[in-house]
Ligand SMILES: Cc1cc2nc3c(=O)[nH]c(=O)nc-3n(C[C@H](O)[C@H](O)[C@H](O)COP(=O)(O)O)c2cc1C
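Take a look at this one chain, the form predicted alone, written out in structure tokens.
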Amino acid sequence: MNAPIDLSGVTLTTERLILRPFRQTDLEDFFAYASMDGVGQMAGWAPHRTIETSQTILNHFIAEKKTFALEYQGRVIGSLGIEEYSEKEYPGFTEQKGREIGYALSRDHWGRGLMPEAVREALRYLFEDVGLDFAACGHFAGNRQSARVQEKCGFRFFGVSPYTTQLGTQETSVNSILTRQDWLSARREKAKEMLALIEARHSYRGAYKPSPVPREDLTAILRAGLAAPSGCNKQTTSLIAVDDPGVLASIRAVIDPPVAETSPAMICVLTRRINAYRDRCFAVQDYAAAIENMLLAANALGYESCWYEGHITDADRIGDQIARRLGVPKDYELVCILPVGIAADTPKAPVKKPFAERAWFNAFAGEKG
């Protein structure tokens, strides 16, 4: 038989979500989305008409320890359950090594990519931490939203089977499978794309098109920077994205000689000295890692950028003047600006030295001065 997976001590995090066990304090949030028309019907259960119904189900979730609450911005907006699967629906797969995923999400949050985000993290947990060989997932025929979630997460069609819902209706269940091997292969393909992006990225110092950078993209770039490692997790790096034309003009007024005059957005990188180990501070390493993450994220989203640091931190202290215009406290230092925008000119990649001149195995093999 399947060894039980106890989720009571498990918390998973994604860019926007926390997957954690349900608590009694989640009752009002649970009732809020479980009572919405359309949410339960997608999975074959009736909307909750009373909070007592939600309380009964919540008690079941807490006792069974098989269901994650999906927390978003401090509120629970859905659930993701990890259940034993039916051999009848998935013949030929070893029972001890699989689980079936089921989910529900508040209508207020449909169409934002939150459920694929949650399912991907659940799959990572099941394949990496639990060591399963496969995950199963199903949806009712005609439920295109759920089908898209499974497609985005890499599930492949397995078959169809009859399904009797809790409402007593007969539905056709479209069943899908994702094996650990397929999941690993997909990850390797994504890794290849990432490595290609890293090799293709280069600094851009040309003009930019006036097209504004959407806040959603700027936020994604900032998140990439904040996700970078930091010495002893002191998180010495902070960031300010600037997209207001007036503020941008104020910043450019003090940059001499001028750079990034036409970029529609700019990210200002701040650092703060906090000792991490004994009397050592790793602020430089921290913000360097954050900057590289942001440069790659900007490039992945179709933008160009350039790391301007020495230009604003030399003797004339341009960074300090920019910091004052942004209201930055004196215990922070503004060390870098990253223009962000769509290139108006054709980017030109610099010539890099051959791999063998700069990288070796097991011993130094370069020229010895």
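Since we're looking at a predicted model, the values are computed, not measured. So that there is no doubt, residue numbering starts at 1 and follows the sequence shown.
Just so it is clear, the following notes concern the form predicted together with the named molecule, a form of the same protein that is not shown.
Only one of the listed residues (180, 99, 252, 201) places a non-hydrogen atom within 4.5 angstroms of the named molecule in the predicted bound form, and that residue is 201. Note on the partner interface in the predicted bound form: the residue among 38, 329, 302, 310 having a heavy atom within 4.5 angstroms of the named molecule is 310. Within this chain, residue 42 is remote from the site of the named molecule in the predicted bound form, having no heavy atom within 4.5 Å. Taking the partner from the other structure, the named molecule in the predicted bound form has a heavy atom within 4.5 Å of a heavy atom of residue 306. Heavy atoms of residue 358 never reach within 4.5 Å of the named molecule in the predicted bound form, leaving it off the interface.
Contact annotation for residue 205: at least one heavy atom lies within 4.5 Å of the named molecule in the predicted bound form. Taking a 4.5 Å heavy atom cutoff to the named molecule in the predicted bound form, the one contacting residue in 332 to 350 is 350.
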